[in-house]
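A single chain, nothing else alongside it, follows as structure tokens in the form predicted alone.
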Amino acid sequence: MPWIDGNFVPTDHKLPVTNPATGSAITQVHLGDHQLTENAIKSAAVAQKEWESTSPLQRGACLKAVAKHLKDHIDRLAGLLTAEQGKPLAQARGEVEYAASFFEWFGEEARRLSGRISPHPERSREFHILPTALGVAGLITPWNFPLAQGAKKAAAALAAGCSIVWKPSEFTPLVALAMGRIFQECGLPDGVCQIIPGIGSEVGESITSSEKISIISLTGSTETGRRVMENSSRTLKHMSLELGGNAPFIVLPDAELDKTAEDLLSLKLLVSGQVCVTANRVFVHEDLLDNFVDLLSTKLETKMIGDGSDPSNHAGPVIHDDAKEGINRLVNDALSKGAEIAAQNSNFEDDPRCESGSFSPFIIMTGITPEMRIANEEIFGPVIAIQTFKETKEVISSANSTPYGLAAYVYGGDLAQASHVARSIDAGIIGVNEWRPLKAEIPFGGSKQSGIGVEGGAEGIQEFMELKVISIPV
């Protein structure tokens, strides 16, 4: 049920929430509509004034209490994440810890909010430059990290003094709704956080078009970002958008192959490749190709794919059958144009629990060329699509030949050379010999069509603030 003004509110429209590993319904979620969303926004606007006037130290203490609550209840929340999203329990626990880190970080950032005094041309006056909360923040989050993506946005917004109206994905609303009670127990006043699962054309449209919403923070596809920007433009909202990616993963001639293969596999096993910053285009120096593919294939054989509730599994299903079909279309297009499957892991087929789940085989493909769709589109699934290169200049050009610039990865032994390649790539965050560089302490955002604004770091809270200047006598 939607969480409105500190209570769960039933509605007439319900939608089943399905476990993608088994295909069975977990429960039914009550969905919000235009009217309920508009009412929730009005209440959030009233609550925001009081929340903004609350001491930043008190706001920070509330957020740090949320972080502690998440860590104290990590097993329950991880189980809920696995049930509705499908990721293995170990990954779900990692997501809860990651979410907690943002509440910890912005809990501390809240107490560091301060303005500055600037000289005035007149000796008897001075300027007070004050950061102030933008107002009500509309948060729209995806299904792949339903808790962590909400935490990034909610923690920063609440630290800044904004109230929030949060629309989680209708595929994974349960862990987001669980946050309503957690916020309440940790001291957040009723009305400051409204959580409304629903369809984009209903809840999303109401949030993006409302005059009472001052900023939209969205994680989603680039196409969704365009629609949200267009709808929000009528009221000139502030925007923070984390959108699609097409991340290059570059294996230089002197890369340490065992670590590189292990890291690449870890990156692709995470949420079964359904991550906007995952390796999408893998570029391997031609002299390394055979050894690297053999090593990667051998490691893939040891990985178990199945129901995420089984702790022995390394990867789970994709989110639904439509996602599986989209992956199949990309693979078949590549095969029809000359690509080959070098290795495949479908061991989920041996588990009767997975017969009705939306599982997709983990595939390693070679012979990928630029005219194939898989070389240009976000795969969002467990496929490693490998291209080769000869010269560093060539691979830099290939890496940048996309309208997206979210993440990138460079592996090599010569750190000077690897750093040169990393600095030459158009992307918001680049890991050099590291597959998971995202942390609460650093700003993260994309370039080109991968987004606007940043999340995390000292900069993340500024997305939800604006400056007020007061000229005052002294």
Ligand code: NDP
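This structure is a prediction, so every number in the text was calculated from the model and none was measured. From 1 onward, residues are counted along the sequence shown.
Heads up, the form predicted together with the ligand isn't pictured, but that's what we're talking about next.
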- So in the model of the complex, does any heavy atom of Y411 sit within 4.5 Å of the ligand? no
- Indicate whether the ligand has at least one heavy atom within 4.5 Å of a heavy atom of A148 in the model of the complex. no
- Query: Would T219 show up as a contact with the ligand in the model of the complex if we use heavy atoms at 4.5 Å?
  - Reply: yes
- Task: Report yes if any heavy atom of I199 sits within 4.5 Å of a heavy atom of the ligand in the model of the complex; otherwise report no.
- Result: yes
- Proximity to the ligand in the model of the complex (heavy atom, within 4.5 Å), stretch among 361-369, 390-398, 238-246, 299-307: 238-246
- Of these, P142, G191, G135, G94, which has a heavy atom no more than 4.5 Å from the ligand in the model of the complex? P142
- Item | One residue of A440, L70, L406, L63 in contact with the ligand, assessed in the model of the complex (non-hydrogen atom, 4.5 angstroms) | L406
- Are all three residues S169, G204 and C276 in contact with the ligand in the model of the complex, where contact means a non-hydrogen atom within 4.5 Å? yes
- Query: Even though the chain is shown alone, can you say which residues of 358-397 have a heavy atom within 4.5 Å of the ligand in the model of the complex?
  - Reply: E378, F380
